[in-house]
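Below, in structure tokens: the form predicted on its own, a single chain.
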């Protein structure tokens, strides 16, 4: 009779585990107040961040670091940035002074170059279980075939149980099946002109859309929210409210988008021009 009792206890334990929420406990709502509160989500979440093309990797990574910055503190002082070695030529690596401008100490950011996606996913899971890690960022230049819904669900459960956040940066217009709690789309926007030079670039500016949210009863209200924000040393600030019928390019009719190709600068005194 003893083996049967042990087997029954094991069955009850399995039933208890299966009845738990698949993605861990969900917060009732996003942290913070107003639209910018969306950019301060709680810890322990899996994020998908989409940009249209790998050439916008700096933009997507900027959003990722902006989301991570409020999570760094106390015992959780480390951030991991992981990518495949084959993608290094495509998307490069973060620049230390740039990390400082996002309020992150470069010495606290650990970089990992992995040879395969399976190694990268293993590293993510292991790092998420470390109590000193605030967040793990995976930057993937090409669509990862091995990162399916099952793999993303494992990451979301690991993040929810450990309290560290996981952020996966992807590129392209297609949206893969994912168990991410939040899915962001980010695109570039024209910066505010500087007062001393109208043609000089201003603060980094992001057009961010929350495409999907799985954080509770407010999901239907926040999904589809679009934010035009600037980054300062203190975090994101709202630049302008964006409505579906108004493109960010329409904000300032006196400013035009940069040309797609290189343009030679006029030089005086009969010197030759170089393009």
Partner chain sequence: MRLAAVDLKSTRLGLAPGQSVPDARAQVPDLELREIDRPWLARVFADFADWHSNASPLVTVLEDSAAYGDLVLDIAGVTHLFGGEARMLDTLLLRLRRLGFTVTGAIADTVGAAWALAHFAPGILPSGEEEGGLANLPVAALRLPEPEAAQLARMGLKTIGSLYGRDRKGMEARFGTVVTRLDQALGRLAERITPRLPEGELSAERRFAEPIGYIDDVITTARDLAVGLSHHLADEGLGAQTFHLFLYRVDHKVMTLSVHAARATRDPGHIAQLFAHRAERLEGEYDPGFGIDMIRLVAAVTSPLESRQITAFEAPDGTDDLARLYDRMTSRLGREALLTSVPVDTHMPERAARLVPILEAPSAKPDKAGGPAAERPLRLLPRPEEVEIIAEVPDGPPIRMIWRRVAYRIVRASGPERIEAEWWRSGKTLGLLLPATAAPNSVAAMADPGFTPEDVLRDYYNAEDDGGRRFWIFREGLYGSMAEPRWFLHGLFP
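Residue numbers count along the first chain shown, from 1. Since we're looking at a predicted model, the values are computed, not measured.
One more form of this protein should be noted, the form predicted in complex with its partner chain, which is absent from this view; the next part is about it.
Proximity to its partner chain in the model of the complex, defined as a heavy atom within 4.5 Å, singles out one entry of 185, 147, 71, 109, which is 109.
The stretch among 174-182, 88-96, 160-168, 147-155 whose residues place heavy atoms within 4.5 Å of its partner chain in the model of the complex is 88-96. Residue contact check for residue 127: one or more of its heavy atoms lie within 4.5 Å of its partner chain in the model of the complex.
In the model of the complex, at least one heavy atom of residue 198 sits within 4.5 Å of its partner chain. In the model of the complex, residue 56 approaches its partner chain with a heavy atom inside 4.5 Å.
Residue contact check for residue 135: none of its heavy atoms lie within 4.5 Å of its partner chain in the model of the complex.
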